[in-house]
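Next comes just one chain, in structure tokens: the form predicted alone.
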């Protein structure tokens, strides 16, 4: 399915005929779509359908897999992210990522958030760093809970708090894009609800792409939804339409639980 014509004119991110291979095995087939700026876009589909592989194309995390090769174009503000001129380290400063399981560094809460800004030279002094840390924790909805625990080890936080800390760490370097790979799958329902509220709050500042195994979560948090099956983009459009009036029989079968 090629959505390039109707979806891409004003898109912040564009994928054009993206194919991904792991050695000889093809994982994605000619995926094309456009992502709106300051919106939430969900990727859904059965396990192994290629949605996480596609997500990792946007910050070139697939580069770290020796057998993986990517064909096609991924454009951010019309710049090809796969160009040899693009430094993946600088790219990942613009395109932050939050993983499936919370992965705080074995450092204090403060140092987790300060790590990226320090590497990228974003603070000239301690006062500026303090501001970045506090501001990032506030944006991640965590400041009130940890403001008196900044020098405690991050691993002492609850799972939900750790995941919000990882979100604070990702946004501390001022990215344009946030990638979230099943960010709630390891969390309990209460922590999941807090993260979902946070995603809605962050949407006004960031363009967010989220892989989720939960159709209910996709329906709650996203404006656009893409359904993948066996490495192909089957359908992409407004979330409400995808869940109430799917245009493709495969999408309808997945949404209704006939396939999974």
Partner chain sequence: MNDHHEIVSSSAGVAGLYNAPTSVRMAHIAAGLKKRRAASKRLRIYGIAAICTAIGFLCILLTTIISNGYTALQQTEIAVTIDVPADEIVDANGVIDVDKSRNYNWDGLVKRSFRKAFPEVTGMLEQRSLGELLSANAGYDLRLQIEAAGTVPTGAVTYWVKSSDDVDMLMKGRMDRSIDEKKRRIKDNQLVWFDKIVAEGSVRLAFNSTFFTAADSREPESAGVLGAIVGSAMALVITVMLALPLAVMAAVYLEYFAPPGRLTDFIEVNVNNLAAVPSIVFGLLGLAVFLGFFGMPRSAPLVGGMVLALMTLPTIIIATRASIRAVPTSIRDAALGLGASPMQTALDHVLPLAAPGILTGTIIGIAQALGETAPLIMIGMVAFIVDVPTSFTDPATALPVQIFIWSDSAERAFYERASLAIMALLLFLISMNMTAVLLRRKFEKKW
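Quick caveat, the model's predicted, so the values are computed rather than measured. Positions refer to the first chain, counted from 1.
Not pictured, yet referred to below: the form predicted together with the partner chain.
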The partner chain: the contacting residue among 93, 75, 157, 187 in the predicted bound form [heavy atom, 4.5 Å]: 93
4.5 angstroms heavy atom contact with the partner chain in the predicted bound form for residue 134: yes
Non-hydrogen atom contact residue 84 with the partner chain in the predicted bound form at 4.5 angstroms: no
4.5 angstroms heavy atom contact with the partner chain in the predicted bound form for residue 144: no
4.5 Å heavy atom contact, residue 172 and the partner chain in the predicted bound form: yes
Site test, 14, 36 and 43 vs the partner chain in the predicted bound form, non-hydrogen atom cutoff 4.5 Å: no
Those residues of 117-135 which, in the predicted bound form, come within 4.5 Å of the partner chain by heavy atom: 118, 119, 120, 121, 122, 126, 127, 128, 130, 131, 132, 133, 134, 135
